[in-house]
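Below sits a lone chain in structure tokens, taken as the form predicted alone.
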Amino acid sequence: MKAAARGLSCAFFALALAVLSPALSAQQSAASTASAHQNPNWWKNGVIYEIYPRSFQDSNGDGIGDLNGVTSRLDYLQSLGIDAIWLTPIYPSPQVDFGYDISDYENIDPQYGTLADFDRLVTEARKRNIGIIMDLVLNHTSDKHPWFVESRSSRTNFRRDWYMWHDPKMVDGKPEPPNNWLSVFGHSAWQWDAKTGQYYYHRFYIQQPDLNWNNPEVRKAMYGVESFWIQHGVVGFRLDAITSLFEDPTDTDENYVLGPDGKPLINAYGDKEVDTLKTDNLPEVHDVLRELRQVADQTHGRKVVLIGETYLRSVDDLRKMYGPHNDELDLPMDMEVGFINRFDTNTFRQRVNEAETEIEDEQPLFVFDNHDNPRWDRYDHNPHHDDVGHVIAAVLFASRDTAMMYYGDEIGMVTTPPTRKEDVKDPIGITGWPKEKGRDGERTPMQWNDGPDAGFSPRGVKTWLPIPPSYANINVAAEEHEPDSMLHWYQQLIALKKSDPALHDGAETMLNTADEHVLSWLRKSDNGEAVVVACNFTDQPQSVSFDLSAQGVHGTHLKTLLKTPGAADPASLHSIQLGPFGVYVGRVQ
């Protein structure tokens, strides 16, 4: 059952804003105390640090990270140099998908703390010029959310049309799903409800029914949620699964993805793979993005940034996410750069260059890993583990981009998947084992020191996921005292990104584009300051030289700004020596 309307009328949207105006007025007073984030461009070329709250810091000894734990580590995050924290969902939830199945959008799950704890986090973070970004899950709710409980109660309930219900396809007198659409997490995206005799659609878990974004009341409710958290002082939202809001109204089958033999490919869950063209990135998504932007822009005194989880098919699709008049997302995630999953110079050069030249001068957002994907060590080249980490960090922080990093990246935390099915917590791994081991490996607790529970929990308890063995050597306390550590490499790169005019907001031009071994680029500021960056993508020493006259740079001498351990300072642009997976950053003089 779907509403006939395919979008909000201007009149309805005006009414929605009027309904939200009391909350918007209230949040304006909270906004007046914002510090650095009053700058409307604070997010451009900034650094956003993703925290998976369950795994960052446990303050009360229950083995689960919490908001007070995050607050206790703000000084550390300030020393790292970040501008904002993105918190994955902390709302009340049955925790089937560890918070992405929400049962109450306007409160805090007790295992993470209280709304007062959240407000304290916002206040303390603001004192350190750090903003808080909430994860806004718009595509679906928990099946325990009161909205869905009502919707499921009968076909005549007033919230029935808040979700995606559909009559079955009858085969030999038995109900079957209306089409072949698949859940991202395996098997049919349709779940039978015997009580009301219909299927409901779930793009993700069965316990995460999709909302019907064709229904104006759904939109009004969700824009109210957006306003609520703006009132509580957030500086932005990361919009989860934002491209999945709409489905093809014809409800016809997806096309199967065919292999070389012309037969459908089989995914990790044993399903015939489909192309999702009818269930992902439909045009109506842009209407919602513009409306979300209008609510965010009611905030006077500070910029509320909209970040999109945008797994897209092309750079052209990415460009559209900003909106024709910069009226949609501020920062759609560019997954084409960070999730290449091939440590290949030419591919990186192509993808980075597309982001820098083919999105009409919009601000790219680069991200290399997160709570849903293996960490950057998927690019590992033993015995050069840390060296590869230096290269990845240089691409992330020395490019013209807003950089999004994941907790633990800065110390070189590695993916540690479970080795036995009985240890798996993530339902994806339970369903897909052994081909799909789930996402536990990238969600293990933060490694603060080499003591009990790696400093994650205040006393030795059973943590919600095991502490990886790597904590003995890879931890904050050890790396703070090691000048050549990954932690210091991150701190230095972030400091350069903030302080050097060319690296902060200078234009970016790829150099030596025929070089298959070294990725190099020029950052040049408006006042002519120039910085070259060179990254060796191989395990063999490489030598590079640059002629920058075509870029209007006529100096040839270099002042080293940053280099990987053991490298010599080059005398000029004509000869820069790079060790295996070596990195050099220098100002042209």
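All figures in this text were calculated on a predicted structure; none of them were measured in a lab. Numbering starts at 1 and follows the sequence shown.
One more form of this protein should be noted, the form predicted in complex with a small molecule, which is absent from this view; the next part is about it.
J.: Since exactly one of R439, H202, K497, R302 fits, which has a heavy atom within 4.5 Å of the small molecule in the predicted bound form?
T.: The option sitting close enough to the partner is R439.
J.: Though the small molecule is not shown, can you say which of R400, R443, H145, R375 has a heavy atom within 4.5 Å of it in the predicted bound form?
T.: Among R400, R443, H145, R375, a heavy atom within 4.5 Å of the small molecule in the predicted bound form occurs only for R443.
J.: To test your reading of this chain, name the stretch in 273-281, 401-409, 169-177, 366-374 whose heavy atoms come within 4.5 Å of the small molecule in the predicted bound form.
T.: Of the options, only 366-374 has residues within 4.5 Å of the partner.
J.: In the predicted bound form, does R219 come within 4.5 Å of the small molecule, counting heavy atoms only?
T.: Close contact is absent here: in the predicted bound form, R219 is far from the small molecule, nothing within 4.5 Å, heavy atoms only.
J.: Should F185 be counted as a contact of the small molecule in the predicted bound form, where contact means heavy atoms within 4.5 Å?
T.: Heavy-atom contact with the small molecule at 4.5 Å: present for F185.
J.: Is Q208 a contact residue for the small molecule in the predicted bound form, using a 4.5 Å heavy atom cut-off?
T.: Residue-level check for Q208: yes, a contact with the small molecule.
J.: Considering non-hydrogen atoms and a 4.5 Å limit, does the small molecule approach Y163 in the predicted bound form?
T.: No, no contact at 4.5 Å.
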